[in-house]
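To begin, one chain is listed below as structure tokens, in the form predicted alone.
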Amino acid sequence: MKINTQKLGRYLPLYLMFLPGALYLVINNYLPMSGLVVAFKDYTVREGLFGSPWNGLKNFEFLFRTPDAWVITRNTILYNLAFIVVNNLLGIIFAIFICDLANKRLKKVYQSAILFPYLMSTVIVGYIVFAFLSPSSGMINNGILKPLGFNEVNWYFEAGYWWVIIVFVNTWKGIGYGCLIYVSSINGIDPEHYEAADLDGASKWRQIRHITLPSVTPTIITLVLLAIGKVFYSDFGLFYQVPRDSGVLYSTTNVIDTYVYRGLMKQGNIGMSAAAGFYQSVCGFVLVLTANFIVSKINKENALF
């Protein structure tokens, strides 16, 4: 195999630009994969990664034979499905509203405002939520419920409310990222399509239905497929910091990631944590392949691969 030195010299700057990203990918994503063996070992720090004895699938048995296995799996899947639907739906709606603004300066203000919560630490978000839900000094109890004559609610001891609270907080914090991606996709649509639709007398709704939505469909599919790959993962801070680790709320806020963290902190079971991570990765990989296969059967052009 001969190396074309002329082409190599021509594309050398591109290779050099690619090198830092490639090194980061190898170091951060591929080298740690050797740690997957911990999921099948009775790991101890003294004996190390490769010296610890094998224990087969016992770590997986410990993870899934617990009485909480069904609860944490159900919560993880249902929350992520809700996040996918709500965040993408509202992201598209807000993106359409922002792109329809004629004032460019106001458009930038709205884009910055909707992205700002996404850049905030989950710890800060947890304190903001506590400022609203605090039983003694919270804004909802003292500023809304009391003046209207309703009884105060001890939010951190009422698990039934947290299905809505978690989804709302996640949407408020995360909608900006997807919204800006949809804004970029909509801005890339040829304006002549809308001009032609105006000449034909098409209403705004018809323009959205027949021009905007079909044009952003590939972006929607890509974001949904990427989100499906993380259905078995959860935003740890959202489920741990925001509910303030209240044990009363575990039935609605306990997910795989928080369960593994608590098990690791209380029992130091590193093997079980590795087994959970391995299980999440395999399930996410299978889900992405399945979803992409379904999309490719419907429309090959919209599939990722």
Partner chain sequence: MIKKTATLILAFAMMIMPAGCGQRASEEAAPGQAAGGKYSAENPYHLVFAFPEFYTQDDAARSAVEKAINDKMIPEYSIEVEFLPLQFSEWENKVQLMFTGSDELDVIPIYFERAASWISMDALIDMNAYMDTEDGAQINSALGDWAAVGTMNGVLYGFPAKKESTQVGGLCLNADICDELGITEKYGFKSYDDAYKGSSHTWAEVEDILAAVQKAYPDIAPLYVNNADASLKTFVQFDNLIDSFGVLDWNADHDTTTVVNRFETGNYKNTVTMLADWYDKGYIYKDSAIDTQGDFALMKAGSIFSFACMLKPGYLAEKEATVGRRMYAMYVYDSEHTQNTSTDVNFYNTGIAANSKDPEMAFKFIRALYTDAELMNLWQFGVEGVNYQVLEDGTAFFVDGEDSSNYTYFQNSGWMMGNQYIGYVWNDGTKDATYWAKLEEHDGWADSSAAFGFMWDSTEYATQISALNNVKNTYRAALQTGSIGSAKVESTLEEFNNALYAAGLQDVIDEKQRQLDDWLSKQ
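Everything numeric here is computed off the predicted structure, so don't read it as measured data. Positions refer to the first chain, counted from 1.
The discussion below concerns the form predicted in complex with its partner chain, not included here.
- None of 194, 156, 233, 163 but one reaches within 4.5 angstroms of its partner chain in the model of the complex through a heavy atom, and that residue is 156.
- At least one heavy atom of residue 62 is located within 4.5 Å of its partner chain in the model of the complex.
- In the model of the complex, its partner chain sits within 4.5 Å of a heavy atom of residue 134.
- In the model of the complex, no heavy atom of residue 70 sits within 4.5 Å of its partner chain.
- Using a 4.5 angstroms limit between non-hydrogen atoms, residue 298 is distant from its partner chain in the model of the complex.
- The partner is not shown here, but in the model of the complex the stretch 20 to 51 reaches within 4.5 angstroms of its partner chain through a heavy atom at 26, 30, 31, 34, 43, 44, 45, 46, 47, 48, 50.
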